[in-house]
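Let's start with one chain on its own, the form predicted alone, as structure tokens.
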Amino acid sequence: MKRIGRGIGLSFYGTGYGNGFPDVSRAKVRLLKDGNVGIYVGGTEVGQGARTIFYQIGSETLKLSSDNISFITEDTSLMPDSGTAAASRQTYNTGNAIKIACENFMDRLREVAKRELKLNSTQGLKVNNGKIYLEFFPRKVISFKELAQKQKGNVIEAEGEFVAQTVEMDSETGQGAPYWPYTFNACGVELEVDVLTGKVEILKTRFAQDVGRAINPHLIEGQMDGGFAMALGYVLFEDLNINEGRIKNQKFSKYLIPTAMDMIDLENVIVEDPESTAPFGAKGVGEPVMIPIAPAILNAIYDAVGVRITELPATPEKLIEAIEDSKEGRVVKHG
């Protein structure tokens, strides 16, 4: 016999290191000899899509095609430190550093262009599509490539630094503002529990994630799908089975993880409420996307069969034991 249950999970998550810990990102932008622009930043790509977001932020700020931008992100001899690829901080922190560095670089370009164009001010100088020109007299123009060739070895570059605002918690009162910004989400799940076998099957889900501003909606949906899959494994499948300090399920033939066959098509809802301190309003969503899934699934199991699972994973064996105990009126910890 199968029973249907529905559950929701909610979470909020503070991005960055938090609790007053120095959270600094730096970036450097340089005009290259061929007229392209190099952006040097220590934000490492670990599969989360950081490089794509960095390209987009740099391209949008410089008003320049990404084809004309080179990113150097993993050579520590060339790039400044941007902090770790952790705490869902790269989009917000390093994105801000890149934006600031690009804005400072554009100011530097205007100063050099003023001299080359024999102007008496940088007022009215626009930077767009690889050119610096006088807005009210566009014939006064110089390209990035021409500007680079005229420097005779002099480097045109600028740096940017962003320090996230965070307040250390008061150890006496527990008060403070340990993180900023926060991101919020909600997940609703409908599932089916087979009360004879204990098998749980996810039927439907709707997942809403606050992102500030969606710089790249496809990447965000990928993060949401990945977070759901990871949490699904955490809740229903993955069991190290540690006994007296030894891991019993030490290989993938025993340690089960979800596959594509276990996933369903998620109904993802991207919620945009731009963050004023963020680059173009965007917040990081790397880790938060996993948090509300487990509560939603466990609440749905409770709604279906009336038992609480308090230790993960919620395997069929644990579910059957919990259901049998509830029938007999026993109150035990199931895990």
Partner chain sequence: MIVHRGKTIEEVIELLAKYKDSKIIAGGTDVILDIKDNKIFPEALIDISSIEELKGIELKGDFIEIGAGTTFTEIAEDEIFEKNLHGLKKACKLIGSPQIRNRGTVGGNIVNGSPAADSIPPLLCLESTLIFESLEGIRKVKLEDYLKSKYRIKEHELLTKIRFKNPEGLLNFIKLAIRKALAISRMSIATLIELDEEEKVKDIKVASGSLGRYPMRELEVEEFLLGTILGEYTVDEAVNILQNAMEKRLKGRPTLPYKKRAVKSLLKEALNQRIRSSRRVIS
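Residue numbers count along the first chain shown, from 1. Predicted model only: the values in this text are computed from it and were never measured.
The form predicted together with its partner chain is left out here; the points below concern that form.
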Please check if Pro316 has a heavy atom lying within 4.5 Å of any heavy atom of its partner chain in the predicted complex.
yes
Taking any heavy atom pair closer than or equal to 4.5 Å as contact, tell me whether Glu201 reaches its partner chain in the predicted complex.
yes
Mark Val24 yes when one of its heavy atoms lies within 4.5 Å of a heavy atom of its partner chain in the predicted complex, and no otherwise.
no
Although its partner chain is absent from this view, report whether Leu196 comes within 4.5 Å of it in the predicted complex, heavy atoms only.
yes
For the interface check, one of 166-174, 70-78, 256-264, 183-191 should have non-hydrogen atoms within 4.5 Å of its partner chain in the predicted complex; which one?
256-264
Which of Lys150, His218, Lys251, Lys118 has a heavy atom within 4.5 Å of its partner chain in the predicted complex?
Lys251
Is its partner chain close enough to Arg51, Tyr55 and Ile156 in the predicted complex that each of the three has a heavy atom within 4.5 Å of it?
no
Going by its partner chain in the predicted complex, which residues of 309-325 come within 4.5 Å of it through any heavy atom?
Pro316, Glu317, Ile320, Ile323, Glu324
